[in-house]
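Only one chain is given next, in structure tokens, and it is the form predicted alone.
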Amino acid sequence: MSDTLRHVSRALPHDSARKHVAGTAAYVDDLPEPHGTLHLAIGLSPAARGRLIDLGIDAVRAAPGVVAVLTADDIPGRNDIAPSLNDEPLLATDRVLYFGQPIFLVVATTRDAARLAARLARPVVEKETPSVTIEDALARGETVLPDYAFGRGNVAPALADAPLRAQGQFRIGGQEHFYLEGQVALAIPGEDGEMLVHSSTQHPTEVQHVVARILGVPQALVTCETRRMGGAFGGKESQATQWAALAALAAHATRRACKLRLDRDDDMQITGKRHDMRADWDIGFDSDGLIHAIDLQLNARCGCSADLSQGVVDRAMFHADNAYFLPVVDIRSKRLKTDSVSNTAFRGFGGPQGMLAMERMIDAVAWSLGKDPLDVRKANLYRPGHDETPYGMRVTDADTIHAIIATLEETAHYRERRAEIAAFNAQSPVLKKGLALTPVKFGISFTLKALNQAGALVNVYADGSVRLNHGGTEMGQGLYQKIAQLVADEFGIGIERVRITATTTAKVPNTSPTAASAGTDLNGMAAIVACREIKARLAAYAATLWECDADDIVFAEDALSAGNRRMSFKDAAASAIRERISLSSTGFYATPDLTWERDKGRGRPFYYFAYGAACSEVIVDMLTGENRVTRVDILHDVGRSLNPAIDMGQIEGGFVQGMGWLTTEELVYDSDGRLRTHAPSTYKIPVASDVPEHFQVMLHPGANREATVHRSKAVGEPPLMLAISVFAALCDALHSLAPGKLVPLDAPATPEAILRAARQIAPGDLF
């Protein structure tokens, strides 16, 4: 059997693009509400740490429109929403764990009635001094998980013997997901204890499992359905579960449909963020800029429970090498417990923090030697003979990153602009420009082996139309569209004949989250497996009709053909059904060749690496810290692109989101553990005017060397780390004030942070 590609690698629009523009795309809050639907609001803890003495909810129960007030005592199953360690309750019991923790649930006839009633509560908490910062947690010695480390060689003597050495401490801020659609769920009770939950989640299976756990029922009684999300970025991988479980608890208690939609301020206050970290580093190197040894300690602020911190911080460690060979290295981590909501998955899943720490060390080497940072980066790239990561995986395609950097260096005119910027800075005492070109090497696969699997269900109907379902979720990234293209080309039919349906645990069970950039790799392969099973049956049937070999049957141009014989796909489907041939199939795929022995710190946790590089230019006012990105050039590796338009959009969006993380998005907590930047008025994401007029994105040509879907590569997360070039460029501009000094700039590089750094390294020149 063979087929002709008709849709794959074409720049087709997102399947919901027109609906997005017209406002007709249905999200959970747009679904028709069953008659009598009740609405929910949450009572929140007024303290970050302490003993919960009394809920103070008498006035809440008596408020107008209130149908019920539920507490932990009303949970019929286990009061536990944690994804792994059973360490986080749905509703607080005897202690509160963070400011704003849900302590009771109001069920009312309207959303306004529920919210007004919740405000009448007067909870009593015996307050204790909370751990808020990394330093607080280090002082108390509190962690959510054991310390972990891996590396190679004996670091201490290697550092001592290195010709040159630099040390420092670097703070890396967290980040709010700021999805356009907030956390929301609608639960509808059914007969015999069944529960249907519509949830804005990246992980329908986890919602199903946790809801069943909370209600104390078999998982088969719970169905979770997700058609689309209005953004997620990791914030709905594990943390959509709590709100779905609360909606299900209320629906179970009242036997009526119940909906919970968080207010934006509450959403930002009581959902986890990107892990903020403090990197303590020590690097040994020589006069050529070659790294001899690195000692790196990553201190991660995890919050009140483990959540996904094992995988997040592990991935930060995996990516602390970025694209560089480290001959002797020790990478250590602490997963610190603080009295704050648990930090969670965020696009890049720890990788950005590890890479940023590495790039700070590279810059420090370059500054101390008076070299161009790009030359130091190029000197330390993985290469033949120097191709093993600190965790024992070989980098077999390092030539890709060499080619990307060489091409971008030329097309972005890096050397010419470096000279121009040096001349500009020499004559401009206040405005300073900066330039940086940084690489990205990002591992693709879940580092928990069990998650590297996917299922799909494909049904072909009598008229030749196809219904497609799989375990991946659509959060705006174009996953549904890409897999529809794959299915259409497998059958050789027009994509208009492929119907994309909502992700549901009732059709494809035991799915992994749509995360780790693996959505298309996993679910696309599973869908292809299902299609090929159906094609094999159709081909065998056609071969008997035409007395030929099944391998001679071609699926193309909406038909089956062999030689001069031809039958439309529609007629083939109808005829096969009459002959009692099944045209429905499930498909399953598990990523091959993955090994990871965590106790030994060795293995192959990734199927392949995605590469990229970005060259960014900035201008900074050193008297105010105000800055602007003036030019960006990107060359990124997506293998053989399944949809160049969608991939370009992911690269552009990922870069801008990363730029926000590193420049404007600052999370501020007070000493009581309360998030003060919990609204758009105080938390600043990038806007259209922050994108430079020159913003050129190009796709690096070349197929994936591993056997992925049509030799494509993942594109969801890697582009975010291209924005490290912006932070490095800001550091470069500051470095022009005092060449040779270490720039004391932490992330995010807000104007205030830049001004502090400028005053520290050049106190007498400008100030």
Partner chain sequence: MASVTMTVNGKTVTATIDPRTLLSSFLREHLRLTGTHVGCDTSQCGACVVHVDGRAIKSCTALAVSLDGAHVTTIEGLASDGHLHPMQEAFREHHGLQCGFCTPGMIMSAVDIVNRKGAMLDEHTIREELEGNICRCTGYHNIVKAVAAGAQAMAATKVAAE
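Positions refer to the first chain, counted from 1. A quick note: this is a predicted structure, and the numbers were derived from the prediction, not measured.
Beyond what is shown, the protein has a form predicted together with its partner chain; the following relates to that form.
Chemist: Counting only non-hydrogen atoms, which stretch in 218-226, 264-272, 189-197, 527-535 is within 4.5 Å of its partner chain in the model of the complex?
Modeler: Heavy atoms within 4.5 Å of its partner chain in the model of the complex occur in 264-272.
Chemist: Is it true that Val21, Asp29 and Ala688 each have at least one non-hydrogen atom within 4.5 Å of its partner chain in the model of the complex?
Modeler: All of them do, each having a heavy atom within 4.5 Å of the partner.
Chemist: Of Glu652, Asp295, Asp397, Asp552, which residue is found within 4.5 angstroms of its partner chain in the model of the complex when only non-hydrogen atoms are counted?
Modeler: Checking each option against its partner chain in the model of the complex, the one that comes within 4.5 Å is Glu652.
Chemist: Going by heavy atom distances of 4.5 angstroms or less, which of Met475, Leu97, Ile81, Ile444 would be at the interface with its partner chain in the model of the complex?
Modeler: Only one listed residue qualifies here, and that residue is Met475.
Chemist: In the model of the complex, is there a heavy atom of its partner chain that lies within 4.5 Å of any heavy atom of Thr511, even though the partner is absent here?
Modeler: Outside the cut-off, so no.
Chemist: Please run the contact check for Leu12 against its partner chain in the model of the complex: heavy atoms, 4.5 angstroms, yes or no?
Modeler: Result yes; Leu12 sits at the interface with its partner chain in the model of the complex.
Chemist: Residue-level contact is defined here as any heavy atom of the residue lying within 4.5 Å of its partner chain in the model of the complex; does Pro680 satisfy this criterion?
Modeler: It does: once its partner chain is placed as it appears in the model of the complex, Pro680 has a heavy atom within 4.5 Å of it.
Chemist: Is Glu693 part of the interface with its partner chain in the model of the complex - any heavy atom within 4.5 Å?
Modeler: Yes, Glu693 sits close enough to its partner chain in the model of the complex that at least one of its heavy atoms falls within 4.5 Å.
Chemist: Would you give me the residues of 148-175 that have any heavy atom within 4.5 Å of its partner chain in the model of the complex, in order from first to last?
Modeler: Heavy-atom contacts to its partner chain in the model of the complex: only Gln175.
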